[in-house]
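Only one chain is given next, in structure tokens, and it is the form predicted alone.
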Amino acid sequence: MSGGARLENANPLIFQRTGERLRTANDEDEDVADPIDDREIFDLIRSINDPEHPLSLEELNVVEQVRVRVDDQENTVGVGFTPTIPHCSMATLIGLSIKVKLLRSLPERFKIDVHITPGTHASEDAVNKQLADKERVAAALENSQLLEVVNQCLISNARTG
């Protein structure tokens, strides 16, 4: 997806995808309270496409269920993500894609925190500051070219679910 430019991480490690979530009778019953949990959030973000590779964020181990925190009572969702290399120039775009997916998928009551896993990126503080700033995120999404790239990352295909 890089448009012919040199890839920063030309040969990334590819990880096994997690199996699909087993559905129970309670999942289908509209009368049973069903709080949002970490697996539900992971299922929303696992198939986001990497901006550089034809792989999902799950397949690159950028997102993992263990790095998702949900407090349905407090209306908070936190997602840590791990770029494939410490100087990944796509880290902000990846974080923005995760944030947009969650903003579009979750009820407005949720406060969403998307951040780089501590110690995994050279510019983690700067990227985290951008992702936490509502005005910066809104301004980024007003840029039609950037929004198009984010939307491409969010398009699911048959291979990644």
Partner chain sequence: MKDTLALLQKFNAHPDSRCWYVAWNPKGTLLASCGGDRAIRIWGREGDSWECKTVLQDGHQRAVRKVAWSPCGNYLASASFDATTCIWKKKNDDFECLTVLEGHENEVKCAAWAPSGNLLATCSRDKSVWIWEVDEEDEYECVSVVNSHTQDAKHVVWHPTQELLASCSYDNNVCVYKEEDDDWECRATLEGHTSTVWGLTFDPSGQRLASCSDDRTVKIWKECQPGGGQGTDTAWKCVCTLSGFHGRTVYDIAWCPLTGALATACGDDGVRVFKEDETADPDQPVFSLSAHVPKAHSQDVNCIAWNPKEAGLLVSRSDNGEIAVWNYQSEV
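Positions refer to the first chain, counted from 1. Fair warning: this is a prediction, and the values are worked out from it, not measured in the lab.
If you look for the form predicted in complex with its partner chain, you will not find it shown, but the lines that follow are about it.
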| request: Flag residue 130 as yes or no: does it have a non-hydrogen atom within 4.5 angstroms of any non-hydrogen atom of its partner chain in the predicted complex? | output: yes
- Task: Verify the contact flag for residue 134: yes if a non-hydrogen atom of it lies within 4.5 Å of a non-hydrogen atom of its partner chain in the predicted complex, no if not.
- Result: yes
According to a 4.5 angstroms non-hydrogen atom cut-off, is residue 148 in contact with its partner chain in the predicted complex?
no
Residue 20: heavy atom within 4.5 Å of its partner chain in the predicted complex? no
Of 115 to 123, 101 to 109, 59 to 67, 46 to 54, the segment with heavy atoms within 4.5 Å of its partner chain in the predicted complex is residues 101 to 109
